Every structure is written in C-alpha cells, then in structure tokens.
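Let's start with one chain on its own, the form predicted on its own, as structure tokens.
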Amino acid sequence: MKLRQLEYVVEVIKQGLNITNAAGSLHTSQPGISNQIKALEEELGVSIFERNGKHITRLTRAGKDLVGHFVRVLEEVEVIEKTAADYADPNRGSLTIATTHTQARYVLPSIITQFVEKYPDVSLHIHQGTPTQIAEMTATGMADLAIATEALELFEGLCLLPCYRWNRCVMVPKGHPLVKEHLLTLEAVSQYPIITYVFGVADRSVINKAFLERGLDFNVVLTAADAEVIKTYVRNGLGVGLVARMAYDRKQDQDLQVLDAGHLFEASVTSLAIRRNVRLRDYIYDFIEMFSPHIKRATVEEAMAVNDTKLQQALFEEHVAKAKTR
C-alpha cells in the first residue's frame, strides 16, 4: 500500500468520481491513477469503486468505510511533514490564503507587508473568490486559511474564528442631496437607485433585510462583487453605493463622499476558517494573530479541539464578543 494510492482515491472522490479531473488536479495521467487504484484494490482484496466499463459510478460499501481511514492517514502524514518542517526550518515554507476581494484589497495589504517583512522565506499565495469558493478551497486543503464574512459555516470540518465586526456606508458623488441629511435614514436612501454587492458577497442579505423590515421599496439597479466596480458606477451617476465601510479609500476616493450607515444595518462579522485535524506551521499562528490580535495560538488550539456542535457555537459567540469593530 502506497500513500500515493490513497491520495489518488481521495482526489477522485473530491473530483466527483471524475478520474480525468483528478489527474489534472494531481498533474499526473489518467491511466496512472486508474492503474494505481486497481493495484490498491487487488492488494486489499476488495473493490473501492463500482464501475460501468471504464467509468467509476460510485463507492462500494467497503470503499465508503475505507475512505475515512485514507483521509485520516493522509492528514497524519501532513502533520508529520509540517512538524518536521518546523524543526528543520521554522521560517521557511508556504502560506495560501483564500479570501474575498474586499479583504484582499482593503484589509490584508498592511498585514501581508508585516508578515513578509518578518518571514521573507515564506512563499505567500492569495486566491480570491466568493465566500463559498474560498470555504471550499480551505475545506479541501487547497488553502491554509479562509477569510470571509459568510458561507464558512456551511462546510463541515472547518474551525471558525471571528476576527472583527464591520458595517456599511453610503457612497455618493460630492454634492449629492443625501449629504444634506442631518441623520441618514433608510427612507432617504430608498429614494435613489442603489448599487451594491451581489448576493453571497459582503453579507448582502443584511442590506435587503434592513429595507424589508421597514417595509420600504428599494431599487437595486446594479450589483457587483467588487467594491471598486460599484464606486465606478456611482461616479458615473447611476446610483448611490452601499458598500463595506472599509472599502472607502481617502486618497483614491476624494471625489466621493462617504456617509456612515452603521446605524441603518446590522453589523457583520468577518471570520477566519482553518481545517480541523491539521497541524498549523508556527508562522501561520503568527499570521492569524497579526490579522486579529485577540486570536492567540491558545485560542486557535482551543477552538480546533472542540468537536461538539453546541460547544463550537458557544465558543464562537464568546469570541465574537471580543472581536473589535473596523
């Protein structure tokens, strides 16, 4: 039995039983994967997959039982490799972060700069996507960390750590009538076309909920996943922008005026997610604390050790109370 064979089986399952996709993901050949899986089945004396000709159709009963063991073996190998790497060279390795555009553009730059200065020999990779995409990347091991505001809780096997609270603002061209409002209201905002995020990005549902609870009609004329796109169309006079407060850049957005809307919408919480049952390199713990200073190594280890769902939720809510507002 070879570790590579176990890896092939697990990857085929991750790819929806598609050997071609698994071969592409692992940078190997389709026949090579098929032959290695068959060799493993012969050695074990059982079939892992049911087949229709050359095509895999489903896991056998034995396969369903064995796959969990394969995953745990591969996880233990990963722990061994990371433990050895920390002893061999604690300041060399790689860190892959999956996150949204908002985090990558407005929150991470200063933290990344700080991290790179401290760990110049760590290869850093940032992948942007929707919250669902980045949660999946982390759950499947493609990324070490996920940073997002929503969808992370949908994936089992992820440990969630609340980092900070944030809210929204209204962006308008200078001289817009809303600037004259003494206290901004949803009623006033609803009088204008709205440009905001697509659903599934930046907790968009919070915006809709606020208007609906007040019984207000509101006209969303354009949506985008990128706050810079939203600001572009605000500049073009298509509507008022409802974006994350952190997306306002004092230098680049001098032609726009930002109106605080924190009193209009429920605050959102950005969280960091990591896979359970994996060993984090020492510099990853350091990055987490740079991103959110209240999350110490002991906090991460405590959260990863909790397996009960109710206890997980209680611990999450406890840490939410410690999260600061940005």
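Rigid core (definition): largest C-alpha set, two forms, superposition within 1.5 Å. Bear in mind the structure is a predicted one, so any value in this text is a computation, not a measurement. Residue positions are given as counts along the sequence shown, with the first one as 1.
Although it is not shown, the form predicted in complex with the DNA is what the next lines describe.
The partner is absent here, but in the predicted complex a heavy atom of 54, alone among 58, 54, 61, 263, sits within 4.5 Å of the DNA.
Contact with the DNA in the predicted complex, defined as a heavy atom within 4.5 Å, holds for exactly one of 47, 277, 35, 299, namely 35. Taking the partner from the other structure, the DNA in the predicted complex has a heavy atom within 4.5 Å of a heavy atom of residue 20.
In the predicted complex, the DNA lies within 4.5 Å of some heavy atom of residue 2. Within this chain, residue 31 lines the site of the DNA in the predicted complex, having a heavy atom no more than 4.5 Å away.
Residues of just one listed stretch (264-272, 36-44, 61-69, 283-291) have heavy atoms within 4.5 Å of the DNA in the predicted complex: 36-44. In the predicted complex, the DNA lies beyond 4.5 angstroms of every heavy atom of every residue of 159-180. The rigid-core alignment places the CA of residue 36 2 Å or more apart between this form and the one not shown. Residue 48: CA moves 2 Å or more between this form and the one not shown after rigid-core fitting.
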